[in-house]
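Let's start with one chain on its own, the form predicted on its own, as structure tokens.
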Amino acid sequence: MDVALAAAHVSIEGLGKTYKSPRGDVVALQTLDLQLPRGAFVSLLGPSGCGKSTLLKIVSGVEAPSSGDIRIGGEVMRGPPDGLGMVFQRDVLMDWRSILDNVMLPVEFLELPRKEYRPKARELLRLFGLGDFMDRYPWELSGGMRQRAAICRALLTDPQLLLMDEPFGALDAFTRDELNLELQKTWLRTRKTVLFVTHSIPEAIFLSDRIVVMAARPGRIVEVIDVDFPRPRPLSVREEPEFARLARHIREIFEATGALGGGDVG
């Protein structure tokens, strides 16, 4: 995909975020400018404290910026945008509800017709390998299965913009690889605009069209890197020389900004 030719879905212009504190202001984000092409998979990659999650909260409308604007489809955002889906690091499933009823939560929240969306929820669960677990409860499922259900929940209302805040960070390496493949397949099928937060350099390279490399104190964009591997990408792409070159280049950026050494980027 040539992301440079795609129309911008999200435009971030001069964005800043400062938290007030009695012991001094904390600059979480400093003058960010970023374009998210429509239908692109964009990753925010950086160490803890660089403002990745803060940026996601601002794009979601949960927090207001201190300066700058966000435009969705050319319109300045004034609160939570329509057509938004969100996946968190924790699945945030309700243990007293079945998996199917957990996936149906956005429909209840938005007061949409249940009869219309219940078949869609079932189909999504089948696509994500959870067809036999719709009537189970979250505590009966593995971590990877729970996160699959959380992704189904985010996709149910067919959002055009999907925000994902380290959704696989708490999973073991094998399950993380499996869900990386599943997410890639889903993205290829739906072509959502995705803004994905991760600490993992290999994960960012494998999934992304574009990687936004960030540094901390203050949170800022250091470099934006386009990733040109053809899709669908097998896990074996990580063994290619160009993959290793990209990973090395990103590590050199983190070394230059002092991010490596604390063990929070890998």
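From 1 onward, residues are counted along the sequence shown. Fair warning: this is a prediction, and the values are worked out from it, not measured in the lab.
From this point on, the text means the form predicted together with a small molecule, which you will not see here.
The chain is drawn here without the small molecule; in the predicted complex, the stretch among 229-237, 32-40, 47-55, 201-209 whose residues come within 4.5 Å of it by any heavy atom is 47-55. Looking at Val222, you'd find every heavy atom of it more than 4.5 angstroms from the small molecule in the predicted complex. Though the partner is left out of this view, Ala28 does reach within 4.5 Å of the small molecule in the predicted complex, counting heavy atoms only.
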